[in-house]
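Take a look at this single chain, the form predicted on its own, given in structure tokens.
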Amino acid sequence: MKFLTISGPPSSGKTSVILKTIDALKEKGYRAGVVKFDCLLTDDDKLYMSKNIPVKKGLSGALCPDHFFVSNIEACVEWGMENNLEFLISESAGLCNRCSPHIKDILAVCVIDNLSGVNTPKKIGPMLKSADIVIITKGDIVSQAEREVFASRVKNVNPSATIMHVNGITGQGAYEFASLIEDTNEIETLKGKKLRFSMPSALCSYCLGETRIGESYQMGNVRKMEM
């Protein structure tokens, strides 16, 4: 089975890109499924099911979504193998911008949109910096000049990444992306593989349920601003 991770900020168009990419994979005769990670709520699994795409949904709840991801992704790969999928796509949103779900030797994709602001590529951290492919969406509602400036900002942050433009509404660019991921290496397990970026622990009293404000209630990994 071929496996890839797709991450990106909320509302950047990840699900639309994946749906159009799976349409293209189906045209090529492949059977593809999705594992969707989110925090509190998502109905994206219903979108996939409406297209007869096998899907698993994981909600992290009170846990960091990327820590939740890495604790469950091996079981998700096993699920994909059991269901005879030829492609399994992991979709997750980078919510704190400090973490990245990308894995060494596994194709890593970041989706980012033209409307997010020209400084966004600098802000979203390792999920863009460590990606092999960066897909830029929503190019149909900005000017050519704005598209070029945004793409150059992405290139400055991650010079080695392949940059692609995909329209999640029309599907333009999705066939080319599907063709690119056809070359992804097959895997049987993720056991023993390593993340591309170590996730910060951020273990403090507030992570453990503390709600009171004040230094006497702050324990663990706490950092203060210079005032």
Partner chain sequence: MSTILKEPISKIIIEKPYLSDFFESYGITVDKDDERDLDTFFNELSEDLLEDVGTTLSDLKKAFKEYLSAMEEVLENDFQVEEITIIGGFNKSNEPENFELTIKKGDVVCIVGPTGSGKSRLLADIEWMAQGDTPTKRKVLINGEKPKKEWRFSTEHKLVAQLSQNMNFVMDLTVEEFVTLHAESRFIQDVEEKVNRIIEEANKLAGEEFTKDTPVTALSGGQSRSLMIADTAFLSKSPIILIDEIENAGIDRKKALELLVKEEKIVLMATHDPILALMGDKRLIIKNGGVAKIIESSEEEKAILPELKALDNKLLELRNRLRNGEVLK
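Residue numbers count along the first chain shown, from 1. Note that the structure is predicted; figures quoted are calculated from it, not measured.
Absent from the display: the form predicted together with the partner chain. The rest refers to it.
Partner contacts here mean any heavy atom within 4.5 Å of the partner chain in the predicted complex, and among 157-165, 29-37, 43-51, 61-69 they occur only in 157-165. By the 4.5 Å heavy atom rule, the three marked residues K122, P126 and I141 all count as contacting the partner chain in the predicted complex. The partner chain is not drawn, but in the predicted complex it has no heavy atom within 4.5 Å of E74. When the partner chain is considered in the predicted complex, M81 lies well away from it, no heavy atom lying within 4.5 Å. At the 4.5 Å threshold, heavy atoms of E148 reach the partner chain in the predicted complex.
Although the partner is absent here, T184 lies well away from the partner chain in the predicted complex, with no heavy atom inside 4.5 Å. Contact annotation for 207-227: a single residue, R223, has a non-hydrogen atom within 4.5 angstroms of the partner chain in the predicted complex.
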